[in-house]
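First, one chain by itself in structure tokens, the form predicted alone.
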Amino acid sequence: MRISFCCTGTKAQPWLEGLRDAFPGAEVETWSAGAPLADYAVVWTPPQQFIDEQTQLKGIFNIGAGVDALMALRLPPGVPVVRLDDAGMSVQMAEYVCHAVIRHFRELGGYEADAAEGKWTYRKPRMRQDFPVGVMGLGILGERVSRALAQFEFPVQGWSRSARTIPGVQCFSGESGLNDFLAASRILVCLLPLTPDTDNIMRHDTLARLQPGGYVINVARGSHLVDDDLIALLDSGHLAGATLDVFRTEPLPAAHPFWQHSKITVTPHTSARTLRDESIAQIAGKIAALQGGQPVSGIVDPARGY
């Protein structure tokens, strides 16, 4: 068996060693142009040339949950594209989102600013029922985040393309349910896959439907958000703030207005990082299952884009 590793911006050697440990005797190598044909590919944002040259693949394994970069390529028909189910990312995402929600709700940013000036201040406690949280995207990550928020007794609602049922979460679905979902939310968390239907989904007319004093948390993809529309709604006062972990251009350019905006918190795409050992174990298990003719989870539907 031969496994080709083609992951842009990723230190290859630890992945190669882990995959070789999982498959003793297999040939596991970093891809370069003209490399021998492989049976399986482990990828992250590979070039089209890689797909075009590797004509005998039996499976393509993406080392992250998001597959939008792969969906933009011409993929070989009939070859399964498999994404990670979790690999330690859902608990990280729940940590990050809960922190962002609680930091906003408890006004901890204001306390930090006051403390930096040596001020001992007090803010009136706010009521959780006045800060309903809406989670867009109820896949593995979105469901985990929704459940975690509910543990802090925030009203939680979720929105997804198809109908879902999650205990403790009011679920909306489809285009017909989007406006009601937004109107019921004061804090909006985006965990959607990036598809043509969700590109620019957070724009002026949708964000304006959030309750006054709304707050936006984007941990999905930068292209979900129209940057200028967010800034306009922050400056108008309809939105109170935003925590952004993903951007249209990464790293975020030094001149981008998000850096200096007083109502925006920026983090460097770190809400949920791929955990290598857990990811390798999951990929190895799925390769073994494919070889044995067994079903595997996480196979991407190209028609849906995730």
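Numbering starts at 1 and follows the sequence shown. Since the structure is predicted, the reported quantities are computational estimates derived from the model, not experimental observations.
Below, we refer to the form predicted in complex with a small molecule, which is not included among the displayed structures.
For the options Ile60, Leu239, Val246, Leu70, the residue carrying a heavy atom within 4.5 angstroms of the small molecule in the predicted bound form is Val246. Screening Ala87, Ile217, Leu230, Met93 for any heavy atom within 4.5 Å of the small molecule in the predicted bound form leaves a single hit, Met93. Taking the partner from the other structure, the small molecule in the predicted bound form has no heavy atom within 4.5 Å of any heavy atom of Val97. Of the heavy atoms in Ser271, some are within 4.5 Å of the small molecule in the predicted bound form. Taking the partner from the other structure, the small molecule in the predicted bound form has a heavy atom within 4.5 Å of a heavy atom of Leu191.
The closest non-hydrogen atom of Pro132 lies beyond 4.5 Å of the small molecule in the predicted bound form.
The candidate stretches are 206-214, 70-78, 105-113, 136-144, and the one lying within 4.5 Å of the small molecule in the predicted bound form by heavy atoms is 136-144.
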